[in-house]
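Read the single chain below, which is given as structure tokens and is the form predicted on its own.
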Amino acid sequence: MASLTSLDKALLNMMQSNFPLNMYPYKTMADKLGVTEEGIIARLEALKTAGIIRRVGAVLDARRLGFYSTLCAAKVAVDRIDEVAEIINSYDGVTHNYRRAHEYNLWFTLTAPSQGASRIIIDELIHKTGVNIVSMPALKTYKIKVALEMEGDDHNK
């Protein structure tokens, strides 16, 4: 994929901050952006294939829903970062994964039905990857909104 088009930028803005909560969200976005629903779905697939977006999904408060969530850090050899990240990302409960400039250089969040289930997943990951992973559950929650505003968004002017 070359550079992002103005439609891509408008679509990404809408996906992050104004996703329609109705039976036909892609149709609603298409109508607002002046394209077809099929066009919206095709652009999202292209953005996913290009690695611009990893997944489309809601961000829910896991604790309020009775789940357990923890921040994890892994110590990974630099030449294995992509391999280990792919294994970690294959788990449904992993929602974020970041490379960090630190001894523990791969950090991710894990949500599971319970603390025990989380421990089982982390133990599986340690076994599958052969890397050291530590769990750091939050003592206090701070929620900040992160939206990557796309510049040059001609569709919302």
Partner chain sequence: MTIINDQDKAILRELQGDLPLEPRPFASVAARVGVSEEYLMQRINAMMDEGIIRRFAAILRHQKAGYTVNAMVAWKVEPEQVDRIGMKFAACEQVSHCYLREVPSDFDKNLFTMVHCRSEEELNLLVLNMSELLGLEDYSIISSEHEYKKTSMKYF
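As the structure is a prediction and not an experimental result, all values here were calculated from the model. Residue numbers count along the first chain shown, from 1.
Keep in mind the form predicted together with the partner chain is missing from the figure; the text below concerns it.
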**Prompt:** Is there a non-hydrogen atom of residue 39 within 4.5 angstroms of a non-hydrogen atom of the partner chain in the predicted complex?
**Reply:** no
**Prompt:** Can you check whether residue 52 is within 4.5 Å of the partner chain in the predicted complex, heavy atom basis?
**Reply:** yes
**Message:** in the predicted complex, is there a heavy atom of the partner chain that lies within 4.5 Å of any heavy atom of residue 66, even though the partner is absent here?
**Reply:** yes
**Request:** May I ask you to check whether residue 12 falls inside a 4.5 Å heavy atom distance of the partner chain in the predicted complex?
**Result:** yes
**Complete:** Heavy atom within 4.5 Å of the partner chain in the predicted complex, from candidates 44, 33, 122, 131, belongs to 44
**Within 90 to 117, the residues that have a heavy atom no more than 4.5 Å from the partner chain in the predicted complex** = 91, 92, 93, 94, 95, 96, 97, 98, 99, 100, 101, 102, 104, 106, 107, 111
